[in-house]
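The chain below stands alone and is given in structure tokens; this is the form predicted alone.
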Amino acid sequence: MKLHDNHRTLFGLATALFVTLTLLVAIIPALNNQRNNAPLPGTRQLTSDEFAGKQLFIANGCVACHTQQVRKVAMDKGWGPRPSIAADYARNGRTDLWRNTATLMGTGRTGPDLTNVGNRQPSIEWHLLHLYNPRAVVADSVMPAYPWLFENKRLPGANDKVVSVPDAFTRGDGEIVATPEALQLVAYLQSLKQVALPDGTPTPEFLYQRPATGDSTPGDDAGGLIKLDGGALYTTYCQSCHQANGEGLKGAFPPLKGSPIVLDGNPARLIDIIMKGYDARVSEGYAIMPPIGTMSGLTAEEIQAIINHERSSWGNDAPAVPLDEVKKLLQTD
């Protein structure tokens, strides 16, 4: 009897071959990948609000312009402290029995990569203002505004999240209030954080690194160190709120140009604000500043470079702060 003359035998063998190949090619390698790429210590599952924010992120087309992968090339170093690895995505379990969870690594980068945006930009107020009108915080931004995630209220309630919007960008009467959807989307963005690899695990190196730039000057505690670029650090950690010209945004973020805190001969308060945040100017309409230094793990050398850049830019003319003084103030705190 020929094999193809018996349909039961033919279809049975085809089914057995299909199941065997599925096990060998798909299921067993997938299980092996799960074992080899377990979630990293320090990561967690998304909360209900963060997961809802992820769905909004997809529904509003954010995936078309933003990636979530730090490539292994030096030009990506600004998006995260290390290249992404498979274990970074191990928390992306199934949505339910029938649906897999989207891994939003992306394929195009019209906007910045968001892998580490929760650490890079921890301010809720900044994210809300950016969603309401991106041009309010980044003048040349091509990102569309999302005003439908906000509403105007003449008398906001005690539980309403009022967004500090500069007068030039307000629409309608009353206060701008974030909807629950806006807060969920921001909660998702703030959950995007790269964690350090476990002790003993080698950190992948960035490829094609360019020589460090800056003036080669003796360091305070070691000779021949390359001076950190305070302007570049300011751009990374401060510029999105306080702007490139140091003038901030009226009604949202205070200026550093001419700021008595920045120009103070004693930098203790300035360093304290960087490490612990600041909420003393909320009554003036300014947003609460998060503890950028603590959340971003800034070193004494990086803090020195940032504050000396602020103290000597935009017409500011305060004396440079030595590294020893910064370290002493950090130890005091």
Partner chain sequence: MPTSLCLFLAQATPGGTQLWGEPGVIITLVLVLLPLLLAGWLAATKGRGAVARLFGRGGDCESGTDLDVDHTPPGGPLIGNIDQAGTVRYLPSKKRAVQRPKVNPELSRLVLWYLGTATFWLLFGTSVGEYLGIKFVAPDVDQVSWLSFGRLRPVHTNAVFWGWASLAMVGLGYYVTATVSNTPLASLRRGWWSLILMKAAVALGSVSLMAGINNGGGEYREYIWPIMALFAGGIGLALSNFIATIARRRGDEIYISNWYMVAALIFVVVITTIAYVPVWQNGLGETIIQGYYMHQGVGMWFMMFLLGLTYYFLPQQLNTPIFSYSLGILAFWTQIIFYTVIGTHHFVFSSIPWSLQTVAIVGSVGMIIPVAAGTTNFLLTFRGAFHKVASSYTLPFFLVGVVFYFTGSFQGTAEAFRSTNLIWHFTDFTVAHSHITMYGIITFLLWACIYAVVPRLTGREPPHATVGAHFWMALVGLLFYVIPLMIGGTLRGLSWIYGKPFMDSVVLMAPYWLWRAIGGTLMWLSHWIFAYNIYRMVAGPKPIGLDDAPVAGDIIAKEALYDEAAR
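Keep in mind it's a predicted model, so treat the numbers as computed, not measured. Numbering follows the first chain given and starts at 1. Between two forms, the rigid core is the largest collection of C-alphas that superpose within 1.5 Å.
One more form of this protein, predicted together with its partner chain, exists but is not displayed; see below.
Asker: Hey, in the model of the complex, does Asn92 get a heavy atom within 4.5 angstroms of its partner chain?
Answerer: The answer is yes: Asn92 has a heavy atom within 4.5 Å of its partner chain.
Asker: Taking its partner chain as it sits in the model of the complex, is Leu17 in contact with it (heavy atom to heavy atom, 4.5 Å or less)?
Answerer: Close contact exists here: in the model of the complex, Leu17 approaches its partner chain to within 4.5 Å, heavy atoms only.
Asker: Quick one: is Gly111 in contact with its partner chain in the model of the complex, heavy atoms, 4.5 Å cut-off?
Answerer: Yes, Gly111 lies within 4.5 Å of its partner chain in the model of the complex.
Asker: Given that the partner is absent here, does Trp79 sit within 4.5 Å of its partner chain in the model of the complex, heavy atoms only?
Answerer: Trp79: contacts its partner chain in the model of the complex.
Asker: Going by heavy atoms within 4.5 Å, which of 191-199, 131-139, 241-249, 155-163 lines up against its partner chain in the model of the complex?
Answerer: Comparing against its partner chain in the model of the complex, the contact stretch is 131-139.
Asker: Within 4.5 Å of its partner chain in the model of the complex, do Ile124, Leu263 and Val282 each have at least one heavy atom?
Answerer: Not a single residue of the candidate spot has a heavy atom within 4.5 Å of its partner chain in the model of the complex.
Asker: Would you kindly say which of Ala38, Ile288, Ala268, Ala30 lies with a heavy atom within 4.5 Å of its partner chain in the model of the complex?
Answerer: Only one option qualifies, and that one is Ala30.
Asker: Taking 4.5 Å between heavy atoms as the contact cutoff, choose which of Val177, Leu228, Ile85, Leu183 touches its partner chain in the model of the complex.
Answerer: Looking at Val177, Leu228, Ile85, Leu183 one by one, just Ile85 meets the 4.5 Å heavy-atom criterion.
Asker: Across 100-121, which residues bring a heavy atom to within 4.5 Å of its partner chain in the model of the complex?
Answerer: Heavy-atom contacts to its partner chain in the model of the complex: Asn100, Thr101, Ala102, Thr103, Leu104, Met105, Gly106, Thr107, Gly108, Arg109, Thr110, Gly111, Pro112.
Asker: Does superposing the core leave Leu31 with a CA shift of 2 Å or more between the shown form and the other one?
Answerer: Yes, because once the rigid core is superposed, the C-alpha of Leu31 moves 2 Å or more between the shown form and the other one.
Asker: Once you line up the core, how about Cys238: does its CA shift reach 2 Å between the shown form and the other one?
Answerer: Comparing the forms between the shown form and the other one, which are aligned on their rigid core, Cys238 does shift its C-alpha by 2 Å or more.
Asker: Could you check whether the CA atom of Glu50 moves 2 Å or more between the shown form and the other one, using the rigid core for the fit?
Answerer: Glu50: C-alpha displaced by less than 2 Å between the shown form and the other one.
Asker: Check Glu302 against Leu197 at the C-alpha atoms and report closer or farther in the model of the complex, compared with the shown form; the change is 3 Å or more.
Answerer: Between the C-alphas of Leu197 and Glu302, the gap widens in the model of the complex (3 Å or more compared with this form).
Asker: Considering a change of 3 Å or more, are the Cα atoms of Thr236 and Val195 closer or farther in the model of the complex than here?
Answerer: Relative to the displayed form, Thr236 and Val195 move farther apart in the model of the complex - a change of at least 3 Å between their C-alphas.
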